[in-house]
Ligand SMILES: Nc1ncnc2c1ncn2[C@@H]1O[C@H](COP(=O)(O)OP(=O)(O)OP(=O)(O)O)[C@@H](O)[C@H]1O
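Single chain ahead, written as structure tokens, the form predicted alone.
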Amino acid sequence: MNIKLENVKKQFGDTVAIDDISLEFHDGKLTTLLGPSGCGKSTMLNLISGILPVTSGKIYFGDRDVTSLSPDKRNIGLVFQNYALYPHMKVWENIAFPLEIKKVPKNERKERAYEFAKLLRIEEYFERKPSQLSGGQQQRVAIARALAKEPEILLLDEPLSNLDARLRLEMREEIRRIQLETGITTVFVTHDQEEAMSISDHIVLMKKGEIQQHGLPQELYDEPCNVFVADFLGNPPINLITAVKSGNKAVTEDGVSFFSEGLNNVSDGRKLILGIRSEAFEVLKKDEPGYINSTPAEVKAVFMNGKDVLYSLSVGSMEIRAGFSNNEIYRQGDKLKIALKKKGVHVYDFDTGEKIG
């Protein structure tokens, strides 16, 4: 079941929470609404669910106009940050509660609840109460209950934010597994870019009620359309350097210059922001091509993360995050000559923050 928004707007008094958004969520895919607090992602989910009415615009599930329908008429499954389990009911009773409302006989309810418990790998807790479960187990019960309705669309609003780091990792893998097994169209809300990058078919990145960019996760990472997108996605964060185009280089206020082929279409004297991913740096030796255009740097700190090594480099008055693909390990105080690769370097207009070229 695909979801289509046509010119959807939501206002609370004078505040515009969702600003004239048109967007399609593809059938059978997991789409993540991503962005900082207050960007409108949960509001958009609540518009899709029917919890909030739109101020203007239309919402379609397939060819069906659901704009004016209440949540119970939209055939959706909802999972919130607060699991909202019934404490007096056993696990299977919580899972089967939507079926009880539909007047499904008790034996059938229990059988179907067991199937969803198996899907979520919580069948061994079938007869327990929520108070006897961990946070992750309670989250699984909440998802199983949402799926027990056999909805056409599953909506998840920050479902992992109450879990610790390890459980978050396990549960996002489980959510992805379940979504792939069921093939249900899923909309997932999070502020965590790593979470979004790891489980999404598509990402919709939002800011102040507007879509900044949407597409495949790797597309947003490889080709961020503006400074906000570049800065929001990626760990470690992208290096953002203010400079002026001069010849074939970008020159900072304190005279540090970076040579990049991405500057070829930029007019001389134009003020810009250079966005450089940590992996876009390389170390050059005297006999290597491009050495003459390299930039001097000094290693200030080394951070080891398993097989990955991240360096904090002093370049002029700036501190830059860099990782190198060669097998050499550098130490604090080492003097290097660094250059930029083609991939992972982005040029943005200083005033608008939009990508140049």
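One-based numbering along the sequence shown. Not measured: the values here are computed from a predicted model.
One more form of this protein should be noted, the form predicted together with the named molecule, which is absent from this view; the next part is about it.
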- Message: With the partner left out here, check for me: in the model of the complex, does some heavy atom of E174 sit within 4.5 Å of the named molecule?
- Response: no
- Task: Consider V345 of the chain shown here, and say whether it contacts the named molecule in the model of the complex, taking contact as heavy atoms within 4.5 Å.
- Result: no
- Message: Can you work out whether G50 and the named molecule are in contact in the model of the complex, taking contact to mean some heavy atom pair no more than 4.5 Å apart?
- Response: no
- Message: Under a 4.5 Å heavy atom criterion, is S42 part of the interface with the named molecule in the model of the complex?
- Response: yes
- Between the options P36, G316, G62, G28, which residue brings a heavy atom to within 4.5 Å of the named molecule in the model of the complex? P36
- Item | Heavy atom within 4.5 Å of the named molecule in the model of the complex - the one residue of A17, L336, L340, I21 that qualifies | A17
- Given that the partner is absent here, state which listed stretch (42 to 50, 324 to 332, 65 to 73, 296 to 304) has heavy atoms within 4.5 Å of the named molecule in the model of the complex. 42 to 50
- Looking at the named molecule in the model of the complex, which residues in 139 to 159 have at least one heavy atom within 4.5 Å of it? E158
